[in-house]
Structure formats: C-alpha cells, structure tokens
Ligand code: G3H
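Shown below, as structure tokens, is a lone chain in the form predicted alone; questions about how it binds or moves come after it.
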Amino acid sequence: MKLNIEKLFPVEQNIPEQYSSKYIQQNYYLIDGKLRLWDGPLQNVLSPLLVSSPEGLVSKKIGEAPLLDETSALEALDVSVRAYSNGRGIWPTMLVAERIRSIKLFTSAMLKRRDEITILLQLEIGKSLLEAEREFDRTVQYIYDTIEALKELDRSSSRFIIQQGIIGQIRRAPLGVVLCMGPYNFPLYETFTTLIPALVMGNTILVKPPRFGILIFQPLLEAFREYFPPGVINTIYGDGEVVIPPLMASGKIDVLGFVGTHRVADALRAFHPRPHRLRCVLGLDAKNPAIVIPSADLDLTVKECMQGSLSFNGQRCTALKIFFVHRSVVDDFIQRMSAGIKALKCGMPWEKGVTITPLPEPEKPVYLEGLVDDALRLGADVVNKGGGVRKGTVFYPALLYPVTPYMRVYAEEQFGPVIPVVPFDDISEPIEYVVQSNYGQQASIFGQDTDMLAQLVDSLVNQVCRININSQCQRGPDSFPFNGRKNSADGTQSVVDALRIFSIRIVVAARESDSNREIINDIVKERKSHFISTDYML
C-alpha cells in the first residue's frame, strides 16, 4: 500500500502545465491603498503535492510571501485606525448603497480570477479541483447573499418609530477595526464570511491569511486596492506568533474574527488589554458525533457518513469525527464503510473524481499515525485494508473499531481521515458522550424510529447547536445560523447574523413635538444626514 501511495505523486513532466508553471513571488503587501514593496525576509510557500524524483519525494516551492515584523504589522493597524477615524472616516460614513457598489465592483474583478484562485487552492492546500471550484463559487454567492440581506436590513431600518411619545429611528453602525483570520481548510470562504459582512457594515479590516493558503489572496490585492478607499483593507503577512500578539496588545482591535482552535482564540483574547471591549466572532474546535440507531437505513447512512467524514480528507470543522453505532448494526456498518473507502480515488487534486488528496500540514500524517497506533495498542483494529498507511503527505483513511474512551481518538479532534467507530447498546451512552464533551457544534442522527429520534433530539438540543437527521453535519445553507456551544464557537454566523455581529444598533430619538417633527422632516427632506434617512433601497 505504501508503494501504491508513492506512485500517486507525479514526476515533474507529468504535472499539467497550468500547475507546474504556477509560481508567485509576492514581495509586497497591501497597506493604505498601496501595494508596498517589502524588502525584508520572505517565507517560502511549499506545496503538499510532492514531486517524484530519483532522490525520492521532494517538496515543490510554489512561491514566496512577505514575512512582516512587528513594526510593519503595527503600522498597518495604525492605518486601519486612521481610516476608521473614530467612525468619521470615508468608509464608515459612506452611504450603504455606495459601500454595496464598491463590493459589487470588487466581486466582478474577483470573478475574473476564478481559475487562478482555484489552481492556488489545489496547489497550496491539496483541495481537489471540484472542491476548490465549490469554495470559490460559494464565496461569491455568499457575497451576493450578504448584499441582499443588507438591503433588507436597511429597508426595515428606513422608517421612524413612535412609542410612548418618543420618535426614534434605529439603524446599525460599524464597530471599528476588525482583524480577520481565516483557517487553512477554507482559506477563501471562511475568511470572506467575516471580511465581507464586517466590510459592508462600514468597519475597516486587517486580513491575516492562514499559515497554508497564503498565496490565494495575492490575485485579489489589486482589486482590494482599486475598489476600496485607502486604508479600509490592509493585509498582514508573516508568523502569527510574531505579528498578531502586538496587534491585540495595542487595544486598538475592536473585533476579532477568527477560525481555529479554542486555545489560540483564548490566547489572542488574553493579549487584549480591554477584553470587555473586544467583540469576538469565533469558529472553533468540534468533535461532531454521528449516532446510528438500529432502524437506520444503512445505504443512506453510509453514504452520508462517508461524505461527512472524508470530504476534503475530513479537514472540516463540520466533519463527522466519531461514530456511535448500535451493536445490532455495527458489523454491517463497518463492512459497508470499508467498501466505501476502498472505492474512493486517491490522487492529485487535478485528477477527475479524486477524493483523498495530500494533506497541507506537514506534521499531520505523523499525528494521525500516532492516533491510530494508540488505538491499536489499546485494542482497536484498522478494519479497512491499507488503512492508516502514510507516505509523504498522503494518509490513507483508517477505519478504527472498536474504539473505547481510553483511546486518544475518542476525545481528540483528529481533523483528518481517521474514522473512529464506537459500538453501543443503550442510547444513553452516546448521549452521555455528547454531554461530557468539551465541544458542542453539531451532531448527526440516523434512523427511522421516530420515538428514538425524538428522544435523541430532545437530549441533544441543549448540548449542540445543530442536529442533522439522516444527513451529515454541515454549515449550509448560509441563511441558517452557524454557531456552537462550549469550546466550539463564540457568536452566531449566518448571512444575516454576521451583519448584526459586525455592527451595533444605534437609536436617534426625540420627544414627540411639533418642533422636533419639523427638525427631523427638514433633515430627511434635505438629505442632511446619512444616518437619519428614509431612503429605501431596491
């Protein structure tokens, strides 16, 4: 099997030209509306798509990016602060319609770079062509959906309310400077689900690309520069441990939009000198369980569980990461899952129909191997042929059974293609697992017995934030709330919720009197205020 995996890696001459020729030397970054040349050190960007050579498997360098220092990061922060100007800057005081126009122009420019960005997603993080195209298209759709949601929100705020002798208008205002930090597994989409709503609500933005997925932002820098006022969007590159703590310690970051682990989020929040003033929008760890009861339709269940555990190699916070299967159906479940894994295609991202691709984190295959070895030592078996074999950056999916609470994989979020299966006899066992878990994002339940499904739903609604019946865990549709309990999230995201979380409701009020009516009417009629307005966006 290890030899077979090694054959997946291509020799240089067999790599498609659009991939082999892709190299980006990015020695500049966006600050204050300029693409400033960086004359300091650069970081190498290596692809997880190793190349076969006479010397063995070698890494392919696909570009370089700035390795900014603390001074440069703080300068970018100061630029963002000046552009916001305590809410009096060009962008925060701009009409909502004008901000929407800027974002639409940016999106049109972004669409022209679709092929380039999807190629970089494949090269940088090993995402298949199909998955890369889906991520790009979903990001664009999210932008359009956000614009429509903002229009609706603005329409509902365009009227005055009279209550208890008080005339009032309630609108939303920006919060200040937002630091956006997306994850490597969805570097475009997850970054933009914070960046776009924060931006359209009038905040100024600092973007810190993830450790893997750095270069995908390079094709967008010119569009950011062209369609937004200077200083509204600035980029921060470099080692996160170097550039992020001083930003937080300055106390000038008003909102932290971060997707990653709860440990890193807690550390970042702790740097802020006034944490009570820091609004956090956090998407964090998850250990989403699947619970399969005796009445489950195993054809449907296995299809959903395969996709839920192995889409993009299981590198999704919403992936199914542990399976509780009733003992009466577990043997059949294991057999079907093994057959499903065997049918998956392993290879390079550009190959048609590929599912299992190289992992972007260099340390991940060794970590996953450690989880498997620990489980084997404590009594589990790898029940699918070749499961757990690794070579280079590829780790062949491992189906582990039976998994017990003594094994690391029972509690740790593997974030990769390791599938732990726990047999159970009584429904209270998986329920207790969820209750005791540190995570509370989602769960999937599979079965046809409505009494037992209802019992599960009622037991889980106060433990997780989404329960999926006979379907895998997922974030979409983006109109649904996406959040979590315990260590899994802080704040709720959806198209509408994101607009609210990156803004604050402001009331302008006056006692109901003839003179105040005249004052308000004059301001509105003569369009003297951007805030006090009855303009209605179509």
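Keep in mind that what you see is a predicted model, and the values were worked out from it rather than measured. Just count from 1 along the sequence shown to find any residue number.
FYI, the form predicted together with glyceraldehyde-3-phosphate (G3H) isn't displayed, but the following is about it.
- Only one of R316, H326, K208, H272 comes within 4.5 Å of glyceraldehyde-3-phosphate (G3H) in the predicted complex through a heavy atom, and that residue is R316.
- Just one of R138, H262, K104, R408 comes within 4.5 Å of glyceraldehyde-3-phosphate (G3H) in the predicted complex, counting any heavy atom, and that one is R138.
- Among residues of the shown chain, N185 is one whose heavy atoms approach glyceraldehyde-3-phosphate (G3H) to within 4.5 Å in the predicted complex.
- None of the heavy atoms of F333 is located within 4.5 Å of glyceraldehyde-3-phosphate (G3H) in the predicted complex.
- Proximity of Q474 to glyceraldehyde-3-phosphate (G3H) in the predicted complex falls within the 4.5 Å heavy atom cutoff.
- With a 4.5 Å cutoff on heavy atoms, Y142 does not count as touching glyceraldehyde-3-phosphate (G3H) in the predicted complex; it lies far away.
- Residue heavy atoms within 4.5 Å of glyceraldehyde-3-phosphate (G3H) in the predicted complex occur in exactly one stretch of 475-483, 45-53, 30-38, 500-508, and that stretch is 475-483.
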